[in-house]
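A single chain, nothing else alongside it, follows as C-alpha coordinates in the form predicted on its own.
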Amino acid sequence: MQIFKEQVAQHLAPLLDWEPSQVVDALEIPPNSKMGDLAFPCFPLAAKLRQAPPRIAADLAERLELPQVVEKVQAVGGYLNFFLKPTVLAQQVLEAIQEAGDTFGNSEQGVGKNIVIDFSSPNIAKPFGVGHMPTTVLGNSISRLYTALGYNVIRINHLGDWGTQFGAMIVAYLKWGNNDPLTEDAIGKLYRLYVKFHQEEEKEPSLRDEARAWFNRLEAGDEEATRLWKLFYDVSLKNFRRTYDRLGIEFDHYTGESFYVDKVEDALERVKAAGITEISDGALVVPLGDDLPPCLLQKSDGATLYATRDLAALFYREAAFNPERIIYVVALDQSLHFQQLKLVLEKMGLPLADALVHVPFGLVKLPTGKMSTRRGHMVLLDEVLEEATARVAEIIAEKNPHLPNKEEVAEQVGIGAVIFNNLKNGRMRDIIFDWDEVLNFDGETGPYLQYTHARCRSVLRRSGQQEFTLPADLTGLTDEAAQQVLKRLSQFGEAIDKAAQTYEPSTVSRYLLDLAQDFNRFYNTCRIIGEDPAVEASRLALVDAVATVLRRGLYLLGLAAPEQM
(Lines give C-alpha, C1' and ligand atoms only; values in the text may rest on other atoms or scores of the structure.)
Protein backbone atom coordinates (compact mmCIF):
# COMPACT_ATOMS: atom_id res chain seq x y z
CA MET A 1 0.00 0.00 0.00
CA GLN A 2 3.01 2.30 0.16
CA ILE A 3 2.53 3.73 -3.33
CA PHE A 4 -1.09 4.58 -2.54
CA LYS A 5 -0.24 6.05 0.85
CA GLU A 6 2.25 8.36 -0.85
CA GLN A 7 -0.34 9.56 -3.39
CA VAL A 8 -2.91 10.27 -0.66
CA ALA A 9 -0.26 11.99 1.47
CA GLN A 10 0.66 14.43 -1.32
CA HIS A 11 -2.91 15.76 -1.31
CA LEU A 12 -3.64 15.55 2.41
CA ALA A 13 -0.37 16.95 3.82
CA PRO A 14 -0.92 20.59 2.71
CA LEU A 15 -4.27 20.66 4.54
CA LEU A 16 -2.55 19.61 7.76
CA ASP A 17 0.64 21.62 7.39
CA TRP A 18 2.49 18.30 7.69
CA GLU A 19 5.26 16.72 5.68
CA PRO A 20 3.95 13.99 3.32
CA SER A 21 6.13 11.43 5.12
CA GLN A 22 4.25 12.20 8.37
CA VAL A 23 0.93 11.46 6.67
CA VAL A 24 2.31 8.23 5.20
CA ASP A 25 3.36 7.09 8.66
CA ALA A 26 -0.07 7.95 10.11
CA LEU A 27 -2.18 6.22 7.45
CA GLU A 28 -3.61 2.86 8.48
CA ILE A 29 -5.20 -0.11 6.76
CA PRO A 30 -8.72 -0.60 8.17
CA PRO A 31 -9.54 -4.05 9.60
CA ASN A 32 -12.54 -4.32 7.28
CA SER A 33 -12.50 -3.36 3.60
CA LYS A 34 -16.03 -1.95 3.95
CA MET A 35 -14.42 0.80 6.04
CA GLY A 36 -12.13 1.73 3.15
CA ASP A 37 -8.69 0.79 1.87
CA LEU A 38 -6.79 3.44 3.85
CA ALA A 39 -7.72 5.44 6.92
CA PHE A 40 -6.31 8.60 8.44
CA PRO A 41 -6.96 8.95 12.21
CA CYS A 42 -7.74 12.55 13.17
CA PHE A 43 -7.36 12.13 16.93
CA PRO A 44 -3.78 13.54 17.11
CA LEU A 45 -5.08 16.80 15.58
CA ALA A 46 -7.77 17.43 18.21
CA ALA A 47 -5.64 19.30 20.76
CA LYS A 48 -3.99 21.61 18.24
CA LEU A 49 -7.19 22.42 16.30
CA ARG A 50 -9.38 22.42 19.42
CA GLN A 51 -12.03 20.43 17.60
CA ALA A 52 -13.50 16.98 18.03
CA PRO A 53 -11.92 14.32 15.74
CA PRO A 54 -15.24 13.62 13.90
CA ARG A 55 -15.53 17.32 13.05
CA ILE A 56 -11.92 17.43 11.83
CA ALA A 57 -12.50 14.37 9.62
CA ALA A 58 -15.67 15.87 8.13
CA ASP A 59 -13.91 19.16 7.39
CA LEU A 60 -10.96 17.41 5.70
CA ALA A 61 -13.32 15.25 3.61
CA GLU A 62 -15.03 18.40 2.35
CA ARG A 63 -11.83 20.27 1.46
CA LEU A 64 -9.68 17.43 0.12
CA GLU A 65 -8.98 17.24 -3.60
CA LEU A 66 -9.03 13.53 -4.39
CA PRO A 67 -5.96 11.89 -5.94
CA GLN A 68 -6.49 9.97 -9.17
CA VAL A 69 -6.32 6.63 -7.39
CA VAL A 70 -9.05 7.49 -4.85
CA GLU A 71 -12.68 6.83 -5.80
CA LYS A 72 -14.24 8.44 -2.73
CA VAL A 73 -13.46 9.61 0.80
CA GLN A 74 -15.72 9.31 3.84
CA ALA A 75 -15.54 10.78 7.32
CA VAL A 76 -16.55 8.11 9.82
CA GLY A 77 -16.16 8.95 13.47
CA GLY A 78 -12.67 10.32 13.94
CA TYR A 79 -11.34 8.72 10.77
CA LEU A 80 -10.98 9.88 7.19
CA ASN A 81 -11.52 6.74 5.09
CA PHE A 82 -10.22 6.41 1.51
CA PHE A 83 -11.66 4.02 -1.07
CA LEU A 84 -9.38 3.24 -4.02
CA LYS A 85 -10.57 2.92 -7.63
CA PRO A 86 -10.53 -0.82 -8.42
CA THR A 87 -9.17 -0.50 -11.97
CA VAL A 88 -6.51 2.07 -11.03
CA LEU A 89 -5.49 -0.13 -8.10
CA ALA A 90 -5.13 -3.09 -10.46
CA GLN A 91 -3.18 -1.15 -13.05
CA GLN A 92 -0.70 0.44 -10.66
CA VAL A 93 -0.02 -2.75 -8.66
CA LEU A 94 0.40 -5.06 -11.65
CA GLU A 95 2.47 -2.57 -13.66
CA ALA A 96 4.78 -2.10 -10.66
CA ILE A 97 5.28 -5.86 -10.28
CA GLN A 98 5.82 -6.41 -14.00
CA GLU A 99 8.36 -3.59 -14.15
CA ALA A 100 10.28 -4.62 -11.01
CA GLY A 101 10.04 -8.41 -11.34
CA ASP A 102 12.00 -10.13 -8.59
CA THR A 103 13.04 -6.76 -7.16
CA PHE A 104 9.44 -5.80 -6.37
CA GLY A 105 9.20 -4.78 -2.72
CA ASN A 106 12.88 -3.80 -2.54
CA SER A 107 14.03 -0.36 -1.44
CA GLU A 108 17.23 1.68 -1.53
CA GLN A 109 17.20 2.87 2.08
CA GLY A 110 20.40 0.97 2.88
CA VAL A 111 22.44 1.82 -0.21
CA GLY A 112 26.04 2.64 0.74
CA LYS A 113 25.68 1.16 4.24
CA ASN A 114 27.23 -2.02 5.63
CA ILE A 115 25.59 -4.44 8.02
CA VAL A 116 27.42 -7.35 9.66
CA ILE A 117 25.27 -10.34 10.61
CA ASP A 118 26.78 -12.97 12.91
CA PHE A 119 24.74 -16.18 12.81
CA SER A 120 24.74 -19.98 12.91
CA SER A 121 28.11 -20.40 14.70
CA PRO A 122 28.14 -24.15 15.38
CA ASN A 123 30.85 -25.70 17.52
CA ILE A 124 33.75 -27.44 15.83
CA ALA A 125 33.98 -31.21 16.40
CA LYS A 126 30.26 -31.46 17.17
CA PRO A 127 27.42 -32.35 14.82
CA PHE A 128 25.03 -29.79 13.45
CA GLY A 129 21.95 -30.35 15.60
CA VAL A 130 18.46 -28.94 15.12
CA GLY A 131 19.24 -26.64 18.05
CA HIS A 132 21.37 -24.61 15.62
CA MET A 133 18.54 -24.41 13.10
CA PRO A 134 16.89 -21.21 14.44
CA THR A 135 20.02 -19.04 14.38
CA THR A 136 20.95 -20.44 10.98
CA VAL A 137 17.67 -19.88 9.16
CA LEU A 138 16.85 -16.66 11.04
CA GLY A 139 20.25 -15.20 10.22
CA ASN A 140 20.00 -16.22 6.59
CA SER A 141 16.54 -14.70 6.20
CA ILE A 142 17.51 -11.47 7.99
CA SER A 143 20.54 -11.25 5.67
CA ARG A 144 18.31 -11.53 2.62
CA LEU A 145 15.81 -9.03 4.00
CA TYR A 146 18.48 -6.39 4.57
CA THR A 147 19.95 -7.05 1.14
CA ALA A 148 16.47 -6.35 -0.26
CA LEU A 149 16.57 -2.99 1.54
CA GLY A 150 19.76 -2.10 -0.31
CA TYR A 151 22.33 -2.77 2.43
CA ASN A 152 25.68 -4.42 1.78
CA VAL A 153 25.39 -7.42 4.09
CA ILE A 154 28.48 -9.20 5.44
CA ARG A 155 27.57 -12.70 6.66
CA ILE A 156 29.89 -14.07 9.33
CA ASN A 157 29.94 -17.56 10.81
CA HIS A 158 31.61 -17.14 14.22
CA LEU A 159 32.55 -20.79 14.71
CA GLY A 160 32.96 -22.14 18.22
CA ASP A 161 36.53 -23.28 17.62
CA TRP A 162 38.40 -22.31 20.79
CA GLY A 163 38.27 -23.04 24.50
CA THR A 164 38.82 -25.81 27.04
CA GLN A 165 36.44 -28.13 25.20
CA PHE A 166 39.14 -28.61 22.59
CA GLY A 167 41.46 -29.81 25.30
CA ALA A 168 38.71 -32.30 26.17
CA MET A 169 38.42 -33.37 22.52
CA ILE A 170 42.18 -33.91 22.27
CA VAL A 171 42.20 -36.03 25.46
CA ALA A 172 39.25 -38.11 24.21
CA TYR A 173 40.81 -38.61 20.77
CA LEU A 174 44.17 -39.67 22.21
CA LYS A 175 42.59 -42.06 24.74
CA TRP A 176 39.83 -43.67 22.68
CA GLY A 177 40.16 -42.44 19.08
CA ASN A 178 42.70 -45.07 17.97
CA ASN A 179 44.46 -42.44 15.84
CA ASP A 180 41.53 -42.52 13.38
CA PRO A 181 42.23 -40.29 10.31
CA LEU A 182 38.54 -39.24 10.39
CA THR A 183 37.99 -39.79 6.70
CA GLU A 184 34.58 -41.39 7.26
CA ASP A 185 31.77 -40.35 9.63
CA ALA A 186 34.19 -37.83 11.13
CA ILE A 187 31.65 -35.75 13.03
CA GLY A 188 29.82 -38.81 14.33
CA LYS A 189 33.06 -40.21 15.71
CA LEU A 190 34.11 -36.90 17.27
CA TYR A 191 30.68 -36.45 18.81
CA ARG A 192 30.77 -39.92 20.37
CA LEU A 193 34.24 -39.19 21.76
CA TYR A 194 32.99 -35.88 23.21
CA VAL A 195 30.05 -37.61 24.94
CA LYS A 196 32.36 -40.38 26.22
CA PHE A 197 34.75 -37.82 27.71
CA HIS A 198 32.01 -36.26 29.81
CA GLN A 199 30.73 -39.65 30.89
CA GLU A 200 34.20 -40.71 31.97
CA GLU A 201 34.90 -37.34 33.58
CA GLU A 202 32.09 -37.93 36.06
CA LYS A 203 33.93 -41.04 37.24
CA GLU A 204 37.44 -39.60 36.87
CA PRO A 205 37.50 -35.80 37.52
CA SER A 206 41.23 -35.62 36.77
CA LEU A 207 40.32 -35.78 33.06
CA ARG A 208 39.27 -32.15 33.34
CA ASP A 209 42.79 -31.21 34.44
CA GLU A 210 44.20 -33.09 31.45
CA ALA A 211 41.84 -31.17 29.16
CA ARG A 212 42.97 -27.84 30.61
CA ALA A 213 46.60 -28.82 30.19
CA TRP A 214 46.08 -29.71 26.51
CA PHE A 215 44.22 -26.47 25.85
CA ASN A 216 47.06 -24.53 27.48
CA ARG A 217 49.43 -26.30 25.07
CA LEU A 218 47.13 -25.33 22.19
CA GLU A 219 47.15 -21.67 23.29
CA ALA A 220 50.94 -21.81 23.51
CA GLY A 221 51.17 -23.05 19.90
CA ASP A 222 52.23 -26.62 20.72
CA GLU A 223 52.75 -28.52 17.46
CA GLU A 224 50.84 -31.71 18.37
CA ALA A 225 47.92 -29.84 19.96
CA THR A 226 47.69 -27.57 16.92
CA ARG A 227 47.81 -30.55 14.52
CA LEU A 228 44.90 -32.26 16.26
CA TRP A 229 42.89 -29.04 16.53
CA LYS A 230 43.42 -28.42 12.80
CA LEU A 231 42.25 -31.98 12.02
CA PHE A 232 39.04 -31.45 14.01
CA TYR A 233 38.53 -28.01 12.43
CA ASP A 234 38.97 -29.15 8.83
CA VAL A 235 36.65 -32.17 8.99
CA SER A 236 34.02 -30.12 10.85
CA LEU A 237 34.02 -27.25 8.37
CA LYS A 238 33.74 -29.67 5.47
CA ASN A 239 30.69 -31.23 7.12
CA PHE A 240 29.10 -27.86 7.94
CA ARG A 241 29.54 -26.59 4.40
CA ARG A 242 27.76 -29.64 3.02
CA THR A 243 24.78 -28.88 5.27
CA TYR A 244 24.81 -25.18 4.39
CA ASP A 245 24.80 -26.09 0.69
CA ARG A 246 21.63 -28.14 1.21
CA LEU A 247 20.02 -25.21 3.02
CA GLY A 248 21.10 -22.74 0.31
CA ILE A 249 23.10 -20.66 2.80
CA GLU A 250 26.37 -18.87 2.11
CA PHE A 251 28.81 -16.98 4.34
CA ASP A 252 31.32 -14.31 3.46
CA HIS A 253 33.61 -15.24 6.35
CA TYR A 254 34.17 -18.29 8.56
CA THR A 255 36.03 -16.50 11.33
CA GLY A 256 35.57 -18.19 14.69
CA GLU A 257 36.98 -17.45 18.12
CA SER A 258 40.45 -18.69 17.14
CA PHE A 259 40.69 -15.91 14.52
CA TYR A 260 40.69 -13.30 17.28
CA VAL A 261 43.18 -14.94 19.68
CA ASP A 262 46.07 -12.77 18.49
CA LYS A 263 43.85 -9.67 18.69
CA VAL A 264 42.78 -10.12 22.32
CA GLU A 265 45.79 -8.35 23.86
CA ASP A 266 45.18 -5.19 21.83
CA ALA A 267 41.49 -5.31 22.77
CA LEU A 268 42.37 -5.58 26.46
CA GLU A 269 44.74 -2.63 26.22
CA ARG A 270 42.05 -0.56 24.49
CA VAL A 271 39.56 -1.25 27.29
CA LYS A 272 42.17 -0.55 29.98
CA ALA A 273 43.11 2.73 28.29
CA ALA A 274 39.50 3.85 28.64
CA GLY A 275 39.97 3.75 32.42
CA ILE A 276 36.92 1.60 33.13
CA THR A 277 38.56 -1.60 34.45
CA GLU A 278 39.47 -2.68 37.93
CA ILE A 279 41.05 -5.70 39.62
CA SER A 280 38.69 -7.93 41.60
CA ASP A 281 40.16 -10.98 43.39
CA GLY A 282 43.07 -10.87 40.98
CA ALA A 283 40.82 -10.80 37.89
CA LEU A 284 40.40 -7.91 35.43
CA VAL A 285 36.77 -6.78 35.26
CA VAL A 286 34.61 -3.90 34.10
CA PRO A 287 32.08 -3.03 36.82
CA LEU A 288 28.61 -2.43 35.36
CA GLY A 289 26.69 -1.05 38.32
CA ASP A 290 24.26 -2.67 40.72
CA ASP A 291 21.92 -4.19 38.14
CA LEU A 292 24.41 -6.35 36.25
CA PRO A 293 27.38 -8.49 37.30
CA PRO A 294 30.77 -7.14 36.19
CA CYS A 295 32.11 -8.13 32.80
CA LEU A 296 35.04 -10.51 33.41
CA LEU A 297 37.80 -9.91 30.86
CA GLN A 298 40.78 -11.80 32.27
CA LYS A 299 41.07 -14.39 35.00
CA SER A 300 43.62 -14.15 37.78
CA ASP A 301 45.79 -16.72 35.93
CA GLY A 302 45.87 -14.49 32.84
CA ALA A 303 43.36 -16.54 30.80
CA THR A 304 40.93 -14.57 28.65
CA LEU A 305 37.27 -15.34 28.21
CA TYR A 306 34.43 -15.40 25.72
CA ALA A 307 33.65 -11.72 26.41
CA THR A 308 37.26 -10.74 25.72
CA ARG A 309 37.27 -12.49 22.37
CA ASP A 310 33.90 -10.96 21.47
CA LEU A 311 35.24 -7.47 22.21
CA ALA A 312 38.25 -8.23 20.01
CA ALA A 313 35.82 -9.36 17.30
CA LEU A 314 33.76 -6.17 17.62
CA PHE A 315 36.82 -3.94 17.33
CA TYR A 316 38.03 -5.92 14.32
CA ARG A 317 34.64 -5.75 12.56
CA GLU A 318 34.39 -2.04 13.24
CA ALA A 319 37.77 -1.43 11.57
CA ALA A 320 37.32 -3.93 8.72
CA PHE A 321 33.72 -3.22 7.67
CA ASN A 322 32.66 0.17 9.12
CA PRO A 323 29.19 -1.27 9.74
CA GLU A 324 26.07 0.66 10.60
CA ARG A 325 24.96 -2.35 12.63
CA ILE A 326 26.52 -5.57 13.90
CA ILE A 327 23.66 -8.01 14.38
CA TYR A 328 24.11 -11.10 16.55
CA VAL A 329 21.49 -13.79 15.96
CA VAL A 330 22.08 -15.67 19.21
CA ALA A 331 19.73 -17.47 21.62
CA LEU A 332 17.86 -15.66 24.37
CA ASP A 333 19.92 -17.31 27.11
CA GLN A 334 22.93 -15.23 25.98
CA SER A 335 21.15 -11.92 26.61
CA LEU A 336 23.23 -11.07 29.71
CA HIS A 337 26.45 -11.51 27.73
CA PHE A 338 25.36 -8.99 25.09
CA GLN A 339 24.02 -6.57 27.69
CA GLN A 340 27.46 -6.61 29.30
CA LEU A 341 29.27 -6.09 25.99
CA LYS A 342 27.02 -3.17 25.08
CA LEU A 343 27.54 -1.52 28.47
CA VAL A 344 31.32 -1.94 28.24
CA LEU A 345 31.26 -0.16 24.87
CA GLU A 346 29.01 2.57 26.28
CA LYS A 347 31.35 3.12 29.24
CA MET A 348 34.19 3.44 26.71
CA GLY A 349 32.18 6.15 24.94
CA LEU A 350 32.16 4.28 21.63
CA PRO A 351 29.43 4.69 18.94
CA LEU A 352 29.98 0.97 18.42
CA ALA A 353 27.64 0.45 21.39
CA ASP A 354 24.71 1.69 19.30
CA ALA A 355 25.73 -0.53 16.38
CA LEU A 356 25.62 -3.72 18.45
CA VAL A 357 22.24 -5.46 18.15
CA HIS A 358 21.38 -8.76 19.81
CA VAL A 359 18.55 -10.64 18.05
CA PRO A 360 17.48 -13.32 20.54
CA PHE A 361 15.26 -16.31 19.91
CA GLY A 362 13.75 -19.16 21.87
CA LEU A 363 15.30 -22.58 22.30
CA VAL A 364 14.70 -25.79 20.42
CA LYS A 365 13.65 -28.43 22.91
CA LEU A 366 12.88 -32.11 22.83
CA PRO A 367 9.51 -33.07 24.34
CA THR A 368 11.48 -34.22 27.42
CA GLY A 369 13.42 -30.97 27.83
CA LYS A 370 16.36 -28.95 26.58
CA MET A 371 18.85 -30.64 24.27
CA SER A 372 22.30 -31.49 25.59
CA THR A 373 25.38 -32.26 23.51
CA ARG A 374 27.33 -33.46 26.54
CA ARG A 375 24.91 -36.25 27.28
CA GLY A 376 24.19 -37.08 23.68
CA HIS A 377 20.54 -36.00 23.69
CA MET A 378 20.58 -34.45 20.25
CA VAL A 379 18.56 -34.58 17.05
CA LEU A 380 20.91 -34.17 14.10
CA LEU A 381 19.91 -31.67 11.44
CA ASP A 382 21.15 -33.86 8.59
CA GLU A 383 18.88 -36.67 9.82
CA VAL A 384 15.92 -34.29 9.85
CA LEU A 385 16.64 -33.09 6.30
CA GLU A 386 17.00 -36.68 5.06
CA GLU A 387 13.75 -37.75 6.71
CA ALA A 388 11.87 -34.72 5.42
CA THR A 389 13.09 -35.30 1.86
CA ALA A 390 12.25 -39.02 2.05
CA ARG A 391 8.70 -38.34 3.23
CA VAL A 392 8.11 -35.86 0.41
CA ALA A 393 9.50 -38.39 -2.09
CA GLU A 394 6.93 -40.92 -0.85
CA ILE A 395 4.10 -38.41 -1.34
CA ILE A 396 5.30 -37.60 -4.86
CA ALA A 397 5.54 -41.30 -5.74
CA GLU A 398 1.94 -41.78 -4.62
CA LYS A 399 0.31 -38.62 -6.02
CA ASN A 400 2.46 -37.49 -8.95
CA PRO A 401 4.86 -40.29 -9.96
CA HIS A 402 5.60 -38.74 -13.37
CA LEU A 403 6.68 -35.39 -11.93
CA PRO A 404 9.83 -34.13 -13.71
CA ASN A 405 12.91 -33.70 -11.49
CA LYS A 406 11.08 -35.35 -8.60
CA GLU A 407 14.26 -35.93 -6.55
CA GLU A 408 15.08 -32.22 -6.75
CA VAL A 409 11.51 -31.24 -5.87
CA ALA A 410 11.48 -33.65 -2.91
CA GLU A 411 14.65 -31.98 -1.62
CA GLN A 412 13.24 -28.48 -2.10
CA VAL A 413 9.91 -29.24 -0.44
CA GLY A 414 11.31 -31.34 2.39
CA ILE A 415 13.95 -28.80 3.34
CA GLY A 416 11.45 -25.99 2.84
CA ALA A 417 9.14 -27.63 5.38
CA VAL A 418 11.92 -27.73 7.97
CA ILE A 419 12.99 -24.11 7.38
CA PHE A 420 9.44 -22.74 7.43
CA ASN A 421 8.68 -24.58 10.66
CA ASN A 422 11.37 -22.40 12.26
CA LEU A 423 10.21 -19.14 10.68
CA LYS A 424 6.42 -19.25 10.71
CA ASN A 425 6.08 -17.98 14.30
CA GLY A 426 7.69 -15.16 16.23
CA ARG A 427 11.33 -15.89 17.00
CA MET A 428 10.94 -15.59 20.78
CA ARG A 429 8.75 -18.68 21.00
CA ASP A 430 10.47 -21.89 22.03
CA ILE A 431 10.22 -24.67 19.46
CA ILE A 432 9.35 -28.12 20.81
CA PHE A 433 10.94 -30.44 18.28
CA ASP A 434 8.23 -32.83 17.14
CA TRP A 435 8.70 -34.91 14.01
CA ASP A 436 4.99 -34.85 13.11
CA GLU A 437 4.85 -31.06 13.45
CA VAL A 438 8.07 -30.43 11.51
CA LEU A 439 7.04 -32.68 8.66
CA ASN A 440 3.37 -31.73 8.54
CA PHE A 441 2.68 -30.59 4.99
CA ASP A 442 -0.90 -29.45 5.54
CA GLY A 443 -2.17 -26.09 6.74
CA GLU A 444 0.18 -23.19 7.40
CA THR A 445 3.37 -24.75 6.09
CA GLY A 446 6.18 -24.16 3.63
CA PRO A 447 4.86 -26.87 1.26
CA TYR A 448 1.46 -25.12 1.17
CA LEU A 449 3.15 -21.92 -0.04
CA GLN A 450 5.29 -23.84 -2.53
CA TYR A 451 2.21 -25.66 -3.83
CA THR A 452 0.38 -22.36 -4.31
CA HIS A 453 3.31 -21.05 -6.34
CA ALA A 454 3.32 -24.25 -8.42
CA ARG A 455 -0.44 -23.84 -8.96
CA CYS A 456 0.14 -20.32 -10.32
CA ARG A 457 2.83 -21.58 -12.67
CA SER A 458 0.53 -24.41 -13.84
CA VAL A 459 -2.22 -21.94 -14.74
CA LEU A 460 0.27 -19.82 -16.69
CA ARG A 461 1.61 -22.86 -18.58
CA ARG A 462 -1.93 -23.99 -19.48
CA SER A 463 -2.61 -20.57 -20.99
CA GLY A 464 0.02 -21.28 -23.64
CA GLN A 465 1.32 -17.73 -23.33
CA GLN A 466 4.83 -16.53 -22.56
CA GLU A 467 4.10 -12.90 -21.66
CA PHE A 468 1.24 -11.56 -19.59
CA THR A 469 0.80 -7.92 -20.53
CA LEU A 470 -2.05 -5.90 -19.11
CA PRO A 471 -5.03 -5.18 -21.37
CA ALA A 472 -6.62 -1.73 -21.44
CA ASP A 473 -9.81 -3.17 -19.95
CA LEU A 474 -9.23 -4.24 -16.32
CA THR A 475 -12.85 -4.78 -15.31
CA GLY A 476 -12.02 -8.48 -14.93
CA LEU A 477 -10.17 -7.54 -11.74
CA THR A 478 -12.88 -5.49 -10.04
CA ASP A 479 -14.56 -8.32 -8.12
CA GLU A 480 -13.91 -8.61 -4.40
CA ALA A 481 -11.63 -11.68 -4.57
CA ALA A 482 -9.32 -10.15 -7.18
CA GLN A 483 -9.24 -6.81 -5.36
CA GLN A 484 -8.22 -8.50 -2.11
CA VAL A 485 -5.30 -10.20 -3.89
CA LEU A 486 -4.22 -6.89 -5.42
CA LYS A 487 -4.32 -5.09 -2.08
CA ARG A 488 -2.29 -7.88 -0.50
CA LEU A 489 0.29 -7.70 -3.29
CA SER A 490 0.64 -3.95 -2.72
CA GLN A 491 1.65 -4.60 0.91
CA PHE A 492 4.70 -6.75 0.10
CA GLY A 493 7.27 -3.96 0.40
CA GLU A 494 5.92 -2.95 3.80
CA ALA A 495 6.10 -6.57 4.98
CA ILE A 496 9.76 -6.76 3.93
CA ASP A 497 10.59 -3.49 5.67
CA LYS A 498 8.79 -4.42 8.90
CA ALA A 499 10.36 -7.90 8.97
CA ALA A 500 13.84 -6.42 8.59
CA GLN A 501 13.43 -3.60 11.10
CA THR A 502 12.02 -5.95 13.76
CA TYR A 503 14.31 -8.88 12.83
CA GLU A 504 11.16 -10.99 12.42
CA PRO A 505 11.06 -13.09 9.24
CA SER A 506 7.75 -14.45 10.56
CA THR A 507 6.23 -11.18 9.30
CA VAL A 508 7.00 -12.31 5.75
CA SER A 509 5.84 -15.85 6.58
CA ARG A 510 2.46 -14.54 7.74
CA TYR A 511 2.21 -12.22 4.74
CA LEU A 512 2.81 -15.10 2.31
CA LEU A 513 0.25 -17.32 4.05
CA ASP A 514 -2.31 -14.52 3.76
CA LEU A 515 -1.43 -13.96 0.10
CA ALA A 516 -1.72 -17.69 -0.66
CA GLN A 517 -5.10 -17.84 1.07
CA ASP A 518 -6.33 -14.78 -0.85
CA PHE A 519 -5.09 -16.19 -4.14
CA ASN A 520 -6.65 -19.62 -3.61
CA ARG A 521 -10.00 -17.96 -2.88
CA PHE A 522 -9.65 -15.99 -6.12
CA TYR A 523 -8.62 -19.18 -7.99
CA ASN A 524 -11.69 -21.04 -6.72
CA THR A 525 -14.21 -18.25 -7.38
CA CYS A 526 -13.00 -16.60 -10.59
CA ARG A 527 -12.62 -18.37 -13.91
CA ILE A 528 -9.27 -17.52 -15.48
CA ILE A 529 -8.70 -19.42 -18.74
CA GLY A 530 -11.54 -19.46 -21.28
CA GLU A 531 -13.08 -16.14 -20.28
CA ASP A 532 -13.49 -13.08 -22.47
CA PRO A 533 -10.02 -12.25 -23.88
CA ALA A 534 -9.62 -9.04 -21.84
CA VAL A 535 -10.80 -10.73 -18.65
CA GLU A 536 -8.51 -13.70 -19.25
CA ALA A 537 -5.52 -11.46 -19.98
CA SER A 538 -6.03 -9.36 -16.85
CA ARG A 539 -6.49 -12.40 -14.62
CA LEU A 540 -3.43 -14.13 -16.07
CA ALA A 541 -1.45 -10.97 -15.30
CA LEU A 542 -2.68 -11.22 -11.72
CA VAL A 543 -1.67 -14.89 -11.48
CA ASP A 544 1.76 -14.03 -12.87
CA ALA A 545 2.15 -11.26 -10.27
CA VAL A 546 1.20 -13.62 -7.43
CA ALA A 547 3.74 -16.17 -8.66
CA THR A 548 6.42 -13.46 -8.73
CA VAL A 549 5.72 -12.28 -5.18
CA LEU A 550 5.41 -15.81 -3.77
CA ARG A 551 8.72 -16.78 -5.38
CA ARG A 552 10.41 -13.67 -4.04
CA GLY A 553 8.92 -14.08 -0.57
CA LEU A 554 9.94 -17.73 -0.38
CA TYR A 555 13.47 -16.72 -1.37
CA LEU A 556 13.61 -14.15 1.43
CA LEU A 557 12.76 -16.92 3.89
CA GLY A 558 15.31 -19.30 2.36
CA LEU A 559 12.87 -21.61 0.54
CA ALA A 560 12.90 -22.71 -3.09
CA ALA A 561 9.86 -22.20 -5.36
CA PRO A 562 9.33 -25.35 -7.48
CA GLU A 563 7.65 -24.91 -10.84
CA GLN A 564 5.71 -28.14 -10.40
CA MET A 565 4.72 -30.31 -7.46
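As the structure is a computational prediction, the values presented were derived from the model and not from experiment. One-based numbering along the sequence shown. Rigid core here is just the name for the largest C-alpha set that superposes within 1.5 Å across the two forms.
Only in words, not in the display: the form predicted together with the RNA, which the text now covers.
Looking at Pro447, you'd find a heavy atom of it within 4.5 angstroms of the RNA in the predicted bound form. Using a 4.5 angstroms threshold between heavy atoms, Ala561 stays clear of the RNA in the predicted bound form.
Mapping the unseen interface onto this chain, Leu336 counts among the residues with a heavy atom inside 4.5 Å of the RNA in the predicted bound form. Using a 4.5 angstroms limit between non-hydrogen atoms, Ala319 is distant from the RNA in the predicted bound form. Put simply, of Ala481, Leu380, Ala274, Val285 only one has a heavy atom within 4.5 Å of the RNA in the predicted bound form, and it is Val285. This chain is drawn without the RNA; in the predicted bound form, the residue among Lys299, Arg325, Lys487, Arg246 with a heavy atom within 4.5 Å of it is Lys299. Residues placing heavy atoms within 4.5 Å of the RNA in the predicted bound form fall in a single listed stretch, namely 326 to 334, out of 100 to 108, 326 to 334, 260 to 268, 168 to 176.
Contacts with the RNA in the predicted bound form, taken as any heavy atom within 4.5 Å, map within 446 to 462 to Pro447, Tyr448, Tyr451, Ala454, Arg455, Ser458, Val459, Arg462.
Positional change of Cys42 between the shown form and the other one reaches 2 Å or more at the C-alpha, relative to the superposed core. Annotation: Cα of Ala500 displaced by less than 2 Å between the shown form and the other one, core superposition.
If you fit the rigid core between the shown form and the other one, you'll see the Cα of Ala57 move by 2 angstroms or more.
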